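As structure tokens, one chain now follows by itself in the form predicted on its own.
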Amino acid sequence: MSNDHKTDIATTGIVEGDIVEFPLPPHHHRLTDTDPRAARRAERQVSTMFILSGLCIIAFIAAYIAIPETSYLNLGPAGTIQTSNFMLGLTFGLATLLIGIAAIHWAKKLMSDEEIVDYRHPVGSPQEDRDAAKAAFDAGVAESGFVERKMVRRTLLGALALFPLPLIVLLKDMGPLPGDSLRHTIWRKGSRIVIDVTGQPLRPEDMQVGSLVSASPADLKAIQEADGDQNARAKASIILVRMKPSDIVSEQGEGWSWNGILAFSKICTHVGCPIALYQQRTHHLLCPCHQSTFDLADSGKVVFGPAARAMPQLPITVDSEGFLVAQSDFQQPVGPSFWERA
């Protein structure tokens, strides 16, 4: 080792065997380390911020309940803003900010201020190092004052207990509970089947073998106008296919088809994509989203892809005027599976 190199090490570090150790600068204690009154003052400041965070959460819930949606604040040149949104954002933001500031203040003023050097060690620590790490963790818990400083601990737990409440309160904005609406559509006994969009009713002779028609119930438009949404259309859309009666492998029972005409939901049972890709020779219905494939000649059973349920089938017949009609609603929920149906 050259003299210059020895001099450089002497000015920057201490050689001990093959390890060069670098001494730490002199440690300066904080005021809260030497003055108990300052420590208690910092403890009260941290606790106060945790309490204020909890009060902000309570204010959030009160604003959500009490402030009407029709109330607006005039911000001058910036325009107007809905009072409810402003107060919800303000209170929840302050609650988050106060918890963060309190945690930083706690760490800077009250937690242990000891400076240490931890040298790198080989990957896969021996058991004694693991024991040492656990001891260091336990020491850190003790030095943080979490156990000793009851006021900080209790106010922190209180603030954190209240903090998730806005997420629960906001669930109300997801709308009413679905009840049994997922299990039913607007199809009823005698509902006339019409071509989707045009509304033209269908007779069996209007369909040739191998054809596919997108259809819906005749009263869909009136129901949509009354409800003001597209939920009825999303659940009631069907496809009609016609094949030779001899090609039908199995049905769910008598009365589910009419002279080779079958009706199935148009909504894939995987994630709800609309389907209309029909292979005439194989009688397979292919979903364009994730390639789930259903055999319409075999009660709509899944033959390929991620879908877990067969396509729901609508039992059909003809009315006294010779038009195709439904015999009832679907016997199982349409669309993708939900929490009550695996």
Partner chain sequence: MTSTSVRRNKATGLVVLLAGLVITGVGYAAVTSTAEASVAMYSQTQIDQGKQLFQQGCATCHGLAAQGSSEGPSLIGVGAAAVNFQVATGRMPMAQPANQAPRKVPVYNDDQIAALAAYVASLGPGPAVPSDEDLNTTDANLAEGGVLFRTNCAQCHNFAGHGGALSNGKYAPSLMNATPRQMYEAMLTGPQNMPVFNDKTLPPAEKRAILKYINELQTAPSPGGLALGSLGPVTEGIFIWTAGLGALLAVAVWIGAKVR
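Values in this document were obtained by computation on a predicted structure and should not be read as measured data. Numbering follows the first chain given and starts at 1. Under this definition, the rigid core comprises the largest set of C-alpha atoms superposing within 1.5 Å between the forms.
This protein has a second form, the form predicted together with the partner chain, left out of what is shown; the following refers to that one.
A.B. asks: Going by heavy atom distances of 4.5 angstroms or less, which of 223, 101, 162, 248 would be at the interface with the partner chain in the model of the complex?
C.D. replies: Of the candidates 223, 101, 162, 248, 101 is the one lying within 4.5 Å of the partner chain in the model of the complex.
A.B. asks: Just give me the single entry in 138, 128, 148, 115 that has a non-hydrogen atom within 4.5 angstroms of the partner chain in the model of the complex.
C.D. replies: Only one option qualifies, and that one is 115.
A.B. asks: With the distance limit set at 4.5 angstroms and only heavy atoms considered, check whether 59, 132 and 218 all reach the partner chain in the model of the complex.
C.D. replies: Not a single listed residue reaches the partner chain in the model of the complex, so no.
A.B. asks: Contact between residue 143 and the partner chain in the model of the complex at 4.5 Å, heavy atoms?
C.D. replies: No, no contact at 4.5 Å.
A.B. asks: Is it the case that residue 213, even though its partner is missing from this view, gets within 4.5 Å of the partner chain in the model of the complex, heavy atoms only?
C.D. replies: Yes, residue 213 is a contact residue.
A.B. asks: Can you work out whether residue 105 and the partner chain are in contact in the model of the complex, taking contact to mean some heavy atom pair no more than 4.5 Å apart?
C.D. replies: Within the cut-off, so yes.
A.B. asks: Considering non-hydrogen atoms and a 4.5 Å limit, does the partner chain approach residue 72 in the model of the complex?
C.D. replies: Result yes; residue 72 sits at the interface with the partner chain in the model of the complex.
A.B. asks: Within 264 to 288, which residues have a heavy atom closer than or equal to 4.5 Å from the partner chain in the model of the complex?
C.D. replies: 266, 276, 277, 278, 279, 280, 281, 282, 286, 288, in sequence order.
A.B. asks: Would the C-alpha of residue 113 be classed as shifted by 2 Å or more between the shown form and the other one after rigid-core alignment?
C.D. replies: Result for residue 113: yes, a 2 Å-plus shift.
A.B. asks: Taking 2 Å as the cut-off, check whether the CA of residue 308 shifts that much or more between the shown form and the other one after a rigid core fit.
C.D. replies: Stays below the 2 Å threshold, so no.
A.B. asks: 2 Å or more on the CA of residue 214 between the shown form and the other one, with the rigid core superposed, yes or no?
C.D. replies: No, residue 214 moves less than 2 Å.
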